[in-house]
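Given next, in structure tokens, is a single chain: the form predicted alone.
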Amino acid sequence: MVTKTIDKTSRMPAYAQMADILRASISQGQHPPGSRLPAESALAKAYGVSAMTARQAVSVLEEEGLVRRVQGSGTYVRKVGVAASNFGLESLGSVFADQDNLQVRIVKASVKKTPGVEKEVLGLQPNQPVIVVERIILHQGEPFTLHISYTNFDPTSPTVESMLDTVVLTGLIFQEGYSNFKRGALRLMPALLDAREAKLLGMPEGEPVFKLEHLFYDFDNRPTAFGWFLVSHEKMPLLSKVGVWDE
């Protein structure tokens, strides 16, 4: 057990000091994952604190997800749950939230009548037209992402307006409360830039990038908006933190 003692003259509560000591002992391998911590009564005696203080300290570690209590058995050090980690899109969302430094250039806005994979995704007939919008989104004056979207051609639908409005479009992905769609799905895949995409983004042809597909459904559960963002992996790093971070 760590020999560090509780400083009873410190302004830091004794339970917080004890939690720090136990956390350090776990990180140093003195209590490896899967091992059982000493009973709270033993911890209280070892550190010269009350049983209540020891219980508070262990509760802090439990709230952090570092240990788990098992009724009638004891308190065990958790294993780091790498398999259950999630990779967020915070880096992409933070750029879209920086409206003062965003610029949008519409590259193409047209109606497509020929068949394409987007019509299959949207559940349309080959002869049904779709609205195609391509735009470059710049951040701080440099191309950040190329966005391509397909929407069923219906001028009365609010979906069309949302696909033409970049602020609304990015808001429906990275914010809550958008009302024109019932649900949506995102899919992240690797892709290689073709010659045209590379030129628009100012990157080499064949450069690997992330392709973030989006598909949104209306309140009749019909797929209504399909498209994707192409973003450099350097501009959209994926990070997932596991374990306990003192932040």
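Given the structure is predicted, the values throughout are model-derived calculations rather than measurements. The first residue of the shown sequence is 1; numbering continues from there. In this text, rigid core is short for the largest set of C-alphas that superpose within 1.5 Å between two forms.
Not pictured, yet referred to below: the form predicted in complex with the DNA.
Among the residues 195, 185, 192, 52, the one placing a heavy atom within 4.5 Å of the DNA in the predicted complex is 52.
41 is the sole member of 35, 41, 27, 221 with a non-hydrogen atom within 4.5 Å of the DNA in the predicted complex.
Proximity to the DNA in the predicted complex, taken as heavy atoms within 4.5 Å, picks out 65-73 from the listed stretches 65-73, 27-35, 200-208, 213-221. Shown here without its partner, the chain carries 8, 15 and 56, all of which come within 4.5 Å of the DNA in the predicted complex through at least one heavy atom. Relative to the superposed rigid core, the position of the CA of residue 17 differs between the shown form and the other one by 2 Å or more. Core-superposed comparison between the shown form and the other one: the CA of residue 74 exceeds or equals a 2 Å shift.
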